[in-house]
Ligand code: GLU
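One chain comes next, on its own, written out as structure tokens in the form predicted alone.
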């Protein structure tokens, strides 16, 4: 199978310098491998989405010469597919209903003396694993198996995480209705035949959970490459919350040059968008000449 990459923005606003790094990196990786590049609009969390941001993002990508090889996919149209995946997990005993509120979880962790600040997320204590105990179902959770997940990142190298201890049984469908990112991204990556996931380093900790879901749903595990982040003045990942400005559609080449510098590409003398993209693909191919092993499945 040839390489299939994707860029999957959430339409909570326009693309900024940080999101262009992920878009460009995923596009270069697919083009350097003579593969296909897809765009998926991750709009399952409708309350956070901004009206018209999806179409603006597509215009920004087009202005930068980043054109998908298929019609973009909107996650908001795929609820029935996610429901089918959840049903299969429930039937296999890999998912269950949960009636816990955030306060319930906090109180249980405190009673057990668990300092959740040591972990990247508040680990679920497994309260509803053996039943709801009279509480109404609020969310659906994945029954995380014991053991350490080991995987390989093409930039970060060998990675491990004990998901059961550090995260616990994670949410597949939220109490307020939307499908969780973890389930939606795994289902859609499989449906679109994604072979290479290239995205920001801030999403690396999601990978072990997604690998567990891939195993439970019997779908392939892609290769992973997590890219360096653009950081704001406060040192945190650049975002709208810390002053990220929308890309200037009037100067796409300048924006691409800046994104390429973050990715570690040397500057080129190209002065047109087409020439610059062609040179960037060749440079990326040279950087990625040595193939990396696939993540364990």
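Positions refer to the first chain, counted from 1. This one's a predicted model, so the numbers in the text were calculated from it and none came from an experiment.
Quick note: we don't show the form predicted together with glutamic acid (GLU), though the next part is all about it.
> Note which of 85, 185, 213, 98 lies within 4.5 Å of glutamic acid (GLU) in the predicted complex, where distance is taken over heavy atoms; exactly one does.
Among 85, 185, 213, 98, a heavy atom within 4.5 Å of glutamic acid (GLU) in the predicted complex occurs only for 185.
> Give me the residue from 73, 164, 105, 203 that has a heavy atom within 4.5 Å of glutamic acid (GLU) in the predicted complex.
The residue from 73, 164, 105, 203 that makes the contact is 203.
> So in the predicted complex, does residue 181 come within 4.5 Å of glutamic acid (GLU), heavy atom to heavy atom?
Taking the distances in the predicted complex, the answer for residue 181 is yes, it comes within 4.5 Å of glutamic acid (GLU).
> Please run the contact check for residue 42 against glutamic acid (GLU) in the predicted complex: heavy atoms, 4.5 angstroms, yes or no?
Output for residue 42 is yes: heavy atoms within 4.5 Å of glutamic acid (GLU).
> Indicate whether glutamic acid (GLU) has at least one heavy atom within 4.5 Å of a heavy atom of residue 9 in the predicted complex.
Yes, contact at 4.5 Å.
> Any of the heavy atoms of residue 173 lying within 4.5 Å of glutamic acid (GLU) in the predicted complex?
Result no; residue 173 lies far from glutamic acid (GLU) in the predicted complex.
> Counting only heavy atoms and a 4.5 Å cutoff, which of 121-129, 139-147, 164-172, 195-203 contacts glutamic acid (GLU) in the predicted complex?
Among the candidates, contact is made by 195-203.
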